[in-house]
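Just one chain is shown here, as structure tokens, and it is the form predicted alone.
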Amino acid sequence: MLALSACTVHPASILHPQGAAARMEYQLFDFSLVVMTGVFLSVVIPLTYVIVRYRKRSADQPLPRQVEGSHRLEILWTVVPVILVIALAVPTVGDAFRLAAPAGPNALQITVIGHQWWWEFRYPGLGIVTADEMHLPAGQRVELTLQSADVLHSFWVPSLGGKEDTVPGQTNTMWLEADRPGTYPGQCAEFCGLSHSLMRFYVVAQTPSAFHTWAHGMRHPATTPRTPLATQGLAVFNQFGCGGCHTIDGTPAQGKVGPNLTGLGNRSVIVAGALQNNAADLTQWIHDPTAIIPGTVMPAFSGLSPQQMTALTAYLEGLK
């Protein structure tokens, strides 16, 4: 079963790097694994031989002749570990400096803010704010500025790069680069509270043209309901004060407590990836949020009538 589990390529595995940073880290991991496997075998094989070859064979067998240790061997097993540590340290330090270096003048700037329990993504150069999905152009480096709105979180996209903490009151940086278009799962890698395990997100790498199309759409979102049902949903949205917590660009809704809902209808997931973006899952979330994300600050709207709920979801799904 263990061997069979390795037959499938898992999208959230560090063993299948899909970007420059992840590849650098994987090569270091691979080299370290080879070295440590060699050390393990060089100890276990002689030890096993000695245990079998020189085991006690009878109850009356006397103790073997006792001899002092060999100075040559003592020097050898001191020098060899020092050489191995140096061999591991040199590429580790080199990669650490390369990963800590600025991404470069052509890098796309994205600010990542960790919340309990969702991720916010800001594009200061483009005037875009979104959540749950971070879009970036494939083949271009992206410099991330990492912050936290509450407690310690850790940003991690296994197939694109290593982990970096988001620390309250502190700004950290890292860079990522996706080799090709695709969707790469990420998650919080630092215990941050009751629903830590549900704090996921997706990195959507697109061709440059597709990314520019997405960015243009986010800067010019549809704000007017397109159907009578969605118009009713906008009235429900305003009636229950949803704009006090959520922002929808181009509308009076400018709340900063919850995720920005601009372009919500274009996302593949909602609620930090805990649900798919469809009317049924969105209804479930609005009706009883704590059943999905325990401890969330999102209030329940279980008092909405079926007609009101249908209209509200139609309005939200039409935000494209």
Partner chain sequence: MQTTPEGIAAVPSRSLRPAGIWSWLTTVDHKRIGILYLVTAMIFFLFGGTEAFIMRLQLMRPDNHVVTEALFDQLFTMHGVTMIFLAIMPLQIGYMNYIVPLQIGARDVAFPRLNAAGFWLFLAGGIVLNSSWLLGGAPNAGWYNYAPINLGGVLNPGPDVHGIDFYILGIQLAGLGTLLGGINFLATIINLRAPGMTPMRMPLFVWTSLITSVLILFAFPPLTANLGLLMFDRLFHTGFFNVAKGGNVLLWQQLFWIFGHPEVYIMILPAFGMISEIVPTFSGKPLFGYSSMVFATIVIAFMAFMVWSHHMFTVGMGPLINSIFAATSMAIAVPTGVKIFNWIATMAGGRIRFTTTMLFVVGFLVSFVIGGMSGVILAAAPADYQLNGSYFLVAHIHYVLIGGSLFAILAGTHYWFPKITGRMLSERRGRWSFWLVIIGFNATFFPMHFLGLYGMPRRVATYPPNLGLNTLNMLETLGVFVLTAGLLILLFNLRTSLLRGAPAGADPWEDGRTLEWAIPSPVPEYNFARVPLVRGRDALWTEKMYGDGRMLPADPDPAFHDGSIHLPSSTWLPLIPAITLTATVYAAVYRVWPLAVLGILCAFCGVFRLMYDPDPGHWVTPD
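Every value quoted in this text rests on a predicted model; they were computed, and no experiment measured them. Numbering follows the first chain given and starts at 1.
Beyond what is shown, the protein has a form predicted in complex with the partner chain; the following relates to that form.
Student: Hey, in the predicted bound form, is R219 touching the partner chain, heavy atoms inside 4.5 Å?
Tutor: Residue-level check for R219: no, no contact with the partner chain.
Student: May I ask you to state whether P168 is within 4.5 Å of the partner chain in the predicted bound form, using heavy atom distances?
Tutor: Although the partner chain is absent here, P168 would touch it in the predicted bound form, with heavy atoms inside 4.5 Å.
Student: Tell me, yes or no, whether A235 is in contact with the partner chain in the predicted bound form, where a contact means a heavy atom of each within 4.5 Å.
Tutor: Flag for A235 set to no.
Student: So, in the predicted bound form, is P252 in contact with the partner chain at a 4.5 angstroms heavy atom limit?
Tutor: No - in the predicted bound form, heavy atoms of P252 and the partner chain never come within 4.5 Å of each other.
Student: Which one, Q109, Q206, Q140, N172, lies within 4.5 Å of the partner chain in the predicted bound form by heavy atoms?
Tutor: Answer to the contact question: N172.
Student: Consider the chain as shown here, without its partner, and state which of A103, V151, A210, L229 has a heavy atom within 4.5 Å of the partner chain in the predicted bound form.
Tutor: Going through each option in turn, the one that passes is V151.
Student: When the partner chain is placed as it is in the predicted bound form, which of 219 to 227, 238 to 246, 111 to 119, 129 to 137 ends up with heavy atoms within 4.5 Å of it?
Tutor: In the other structure, the partner sits against 111 to 119.
Student: Using a 4.5 Å cut-off on any heavy atom, which residues of 180 to 201 would contact the partner chain in the predicted bound form?
Tutor: P185, Q187, C188, A189, E190, F191, C192, G193, L194, H196, S197, L198, R200 sit within 4.5 Å of the partner.
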